[in-house]
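Just one chain follows, in the form predicted on its own, and it is written as structure tokens.
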Amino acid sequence: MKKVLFAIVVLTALTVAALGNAQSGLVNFELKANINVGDAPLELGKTYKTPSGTEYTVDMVRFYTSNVQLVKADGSSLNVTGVSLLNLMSDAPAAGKLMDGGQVNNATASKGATFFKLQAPAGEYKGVRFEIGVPKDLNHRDASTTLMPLGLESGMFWAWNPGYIFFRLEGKTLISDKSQPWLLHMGTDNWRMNVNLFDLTTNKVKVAVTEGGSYTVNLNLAKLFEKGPNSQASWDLTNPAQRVMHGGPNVGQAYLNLLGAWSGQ
């Protein structure tokens, strides 16, 4: 009897939620990412090579998404509230209590990883805009009192430099037969990344927002190593100074490289 009552309660709640969405004219929709190395889906822990031939692995991909906008045919945008944290890791952390408008999306596979869930009016849009980063008004609040996906529990807060890591990559590289860590920790308000994937003149980009539907973007991590800092032709992971990217010309070049790593379907 208890199981029957519980099932009725759950069904009623889902029905009420569905009716609420229908009455408001909103549908549930997701943004997904194919996180690749070149044309192939990223495999965590798999060995790849930089353009200069240095072997490396990617063991973690984590980034924040905010300021999502659906671009309409007339060029105006529909703003979507919320802040999301994507964790692509073999052992993603459990999500704690969420702040209002916050979401945590864990993934173990790089193909079709959901990185933002939203509600919006159904229809066809010309594309999407979003930021990789935390909104400025949230980036400098007291992390000790902030809920997920922000706060100390997120594992994305810099204790030494108030604010969050917006984009976090970590892996290993083989130098003289020894495994060495490499990392990219990109944050601060200067390095908030604007991703613009829309087309107002052709029909090459279409985002059909339907109930339970999704739109997939591509992120090619091989682009990170295409050009090195200080005008070098490519990234040199054999150089200890270039294996740590969290400031100065290293992050500046990584930012520019990753700007060209996004594409729409």
Partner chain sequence: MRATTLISSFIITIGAAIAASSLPSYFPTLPVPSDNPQTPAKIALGRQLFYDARLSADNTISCSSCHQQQFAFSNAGNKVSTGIRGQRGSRNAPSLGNVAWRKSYFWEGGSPTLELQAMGPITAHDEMGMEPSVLTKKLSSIAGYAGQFKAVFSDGVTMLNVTKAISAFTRTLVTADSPYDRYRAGDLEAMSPAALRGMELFLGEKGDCFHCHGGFNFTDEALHNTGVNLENKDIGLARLTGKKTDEGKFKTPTLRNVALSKTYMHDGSIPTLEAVLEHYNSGGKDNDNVDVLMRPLYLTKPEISDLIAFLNALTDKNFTTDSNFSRPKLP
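In this text the structure is predicted, and so the values were computed from the model without any measurement. Under this definition, the rigid core comprises the largest set of C-alpha atoms superposing within 1.5 Å between the forms. Positions refer to the first chain, counted from 1.
Omitted from view is the form predicted together with its partner chain, to which the following refers.
- This chain is displayed without its partner chain, yet in the predicted bound form the stretch 152 to 160 from 96 to 104, 152 to 160, 123 to 131, 69 to 77 comes within 4.5 Å of it by heavy atoms.
- Checking A109, L147, L183, L174 against its partner chain in the predicted bound form, a heavy atom within 4.5 Å turns up for just one residue: L183.
- Three-residue candidate spot M60, R168 and T188; every residue lies within 4.5 angstroms of its partner chain in the predicted bound form by at least one non-hydrogen atom.
- Put simply, M193 is far from its partner chain in the predicted bound form: not one heavy atom of it is within 4.5 Å.
- Contact annotation for D137: none of its heavy atoms lies within 4.5 Å of its partner chain in the predicted bound form.
- At a distance threshold of 4.5 angstroms between non-hydrogen atoms, L118 is out of contact with its partner chain in the predicted bound form.
- Within this chain, P249 lines the site of its partner chain in the predicted bound form, having a heavy atom no more than 4.5 Å away.
- Superposition on the rigid core between this form and the one not shown places the CA atom of G248 2 Å or more away from its counterpart.
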